[in-house]
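Next up is one chain by itself, shown in structure tokens, the form predicted on its own.
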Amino acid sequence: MPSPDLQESLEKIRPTLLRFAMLQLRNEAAAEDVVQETLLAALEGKSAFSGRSQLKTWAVSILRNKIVDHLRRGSREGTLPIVDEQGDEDFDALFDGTGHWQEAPGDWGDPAVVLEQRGFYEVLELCMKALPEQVARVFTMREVLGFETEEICKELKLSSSNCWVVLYRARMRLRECLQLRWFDAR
């Protein structure tokens, strides 16, 4: 039987795990499922936790694996939608005829300092939630879960060029959102 301290500690970080899962999966039931699987795996695998990292870090790494498993199951079952290629005109308007910015992005300063600022991650989370679901899924698989582009294409049945377009859109929308909600707001 797991120690009461471990159960209590895991219960304290459960909201963080759930928020992370919701951001990745955008489905409350699926997020609950992967978090429950994560907590169960953590309780069953207590001996694997050496204490070299924080419990939260260890639990999030288990959660990431559970999310990857969930996404793979979904792609095999054909439940993941294919991303369409509409909306390029929104991004084309950001650039002039030579491919340069119509309006140069503002100075974001030192990224390491920004990441340490209170509230940045809340704004980033809001910006991620504002992305269309399929765009967020591709971006998350690549930048958060560490999938290779070829693997994303295989899992989501996307062409390589479509995947790169989706990643481009995600980065552009996040850049624009962070500029408006964080950098310009300071």
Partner chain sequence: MKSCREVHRLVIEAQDRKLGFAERLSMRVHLILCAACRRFDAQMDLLRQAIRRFPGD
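Residue numbers count along the first chain shown, from 1. This one's a predicted model, so the numbers in the text were calculated from it and none came from an experiment.
Omitted here: the form predicted in complex with the partner chain. The next part is about that form.
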Checklist line | 4.5 Å heavy atom contact, residue 154 to the partner chain in the predicted bound form | finding: no
Notebook entry, point to check: Closest heavy atom of residue 36 to the partner chain in the predicted bound form, within 4.5 Å or not?
Noted result: no
Next item on the list: Spell out, yes or no, whether the shortest heavy atom distance between residue 7 and the partner chain in the predicted bound form is within 4.5 Å.
Entry: no
Notebook entry, point to check: Hey, in the predicted bound form, is residue 73 touching the partner chain, heavy atoms inside 4.5 Å?
Noted result: no
Notebook entry, point to check: So, 20, 64 and 178: all three within 4.5 Å of the partner chain in the predicted bound form by heavy atoms, or not?
Noted result: yes
Item checked: Contact set, 109-138 vs the partner chain in the predicted bound form - heavy atom within 4.5 angstroms -> 109, 111, 114, 115, 116, 120, 121, 124, 125, 128
